[in-house]
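Only one chain is shown below, in structure tokens, and it's the form predicted on its own.
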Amino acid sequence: MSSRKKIVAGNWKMNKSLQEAKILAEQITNQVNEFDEVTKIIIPPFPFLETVKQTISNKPNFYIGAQNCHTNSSGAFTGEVSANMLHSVGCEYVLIGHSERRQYFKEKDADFILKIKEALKNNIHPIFCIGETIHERKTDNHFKVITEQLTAVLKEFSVEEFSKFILAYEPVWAIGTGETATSAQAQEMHAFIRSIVTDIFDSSVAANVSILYGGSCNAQNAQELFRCPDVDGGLIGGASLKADDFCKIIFSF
């Protein structure tokens, strides 16, 4: 039996004001209260990290994450934020390789490797995102794409380093589109991801990594998705901006 954590992570993306962020964090922590079985990660925009951190501190199994970090630890990179800075405000997780970073900011495997190294150096767990586009899925290239995305990055890390990772599968075609992979599609891909991790490391390493589903997971479909044996939780977008919905997802295990 694996010791995989059940995890629900809320990626707020570029949404909310400071006051709204504080209220949302309070509403979530008040509703969830002492429910401690699930690791809950709130991922607000950079300016709200410290405020949200203060709001969730002393709440059981709540953590703070960032949406990105830079490849360097410091320097003349105007507008960027380093893992070192994130660590200094109490950040414990960081998203790396999110589909929006790949698509809009043209980030590549080499960037992800450097960012993950910076995160690990600063004691921050990387949530490494992978996923295929609708074209790649429809041309039956989805397994090939996922294999390449995983292998290019994971081969640069030791078993010990990888033990600090969380993986998130994002079918890009199901993000913000209202489309969702069926639970069978999600399970098929999560099991496939675990098989790739087995190939890179070994089966016990693969059995212990938490893999989150990140494609329009919501209060309605979370329970069915979380029943899949290889789905260990969700990386939640839109539904994480509503306290009731986000809490329903947390209670869906």
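Computed from a predicted model, the values in this text were never measured in an experiment. Numbers follow the displayed sequence, beginning with 1.
Keep in mind the form predicted together with 1,3-dihydroxyacetonephosphate (13P) is missing from the figure; the text below concerns it.
Asker: Assess the spot marked by V8, I64 and K242: is 1,3-dihydroxyacetonephosphate (13P) within 4.5 Å of a heavy atom from every one of these residues in the predicted bound form?
Answerer: No, none of the three is in contact.
Asker: Spot the stretch among 77-85, 144-152, 117-125, 166-174 with residues whose non-hydrogen atoms come within 4.5 Å of 1,3-dihydroxyacetonephosphate (13P) in the predicted bound form.
Answerer: It is the stretch 166-174.
Asker: Give me the residue from E100, E92, E156, D109 that has a heavy atom within 4.5 Å of 1,3-dihydroxyacetonephosphate (13P) in the predicted bound form.
Answerer: Selected option: E100.
Asker: Answer with one of C69, C217, A186, V52: the residue that has a non-hydrogen atom within 4.5 Å of 1,3-dihydroxyacetonephosphate (13P) in the predicted bound form.
Answerer: That would be C217.
Asker: So in the predicted bound form, is 1,3-dihydroxyacetonephosphate (13P) close enough to K16 to count as touching (4.5 Å, heavy atoms)?
Answerer: Contact with 1,3-dihydroxyacetonephosphate (13P), no.
Asker: Given a 4.5 Å distance limit between heavy atoms, list every residue of 227-253 close to 1,3-dihydroxyacetonephosphate (13P) in the predicted bound form, or none if there are none.
Answerer: L235, I236, G237, G238, in sequence order.
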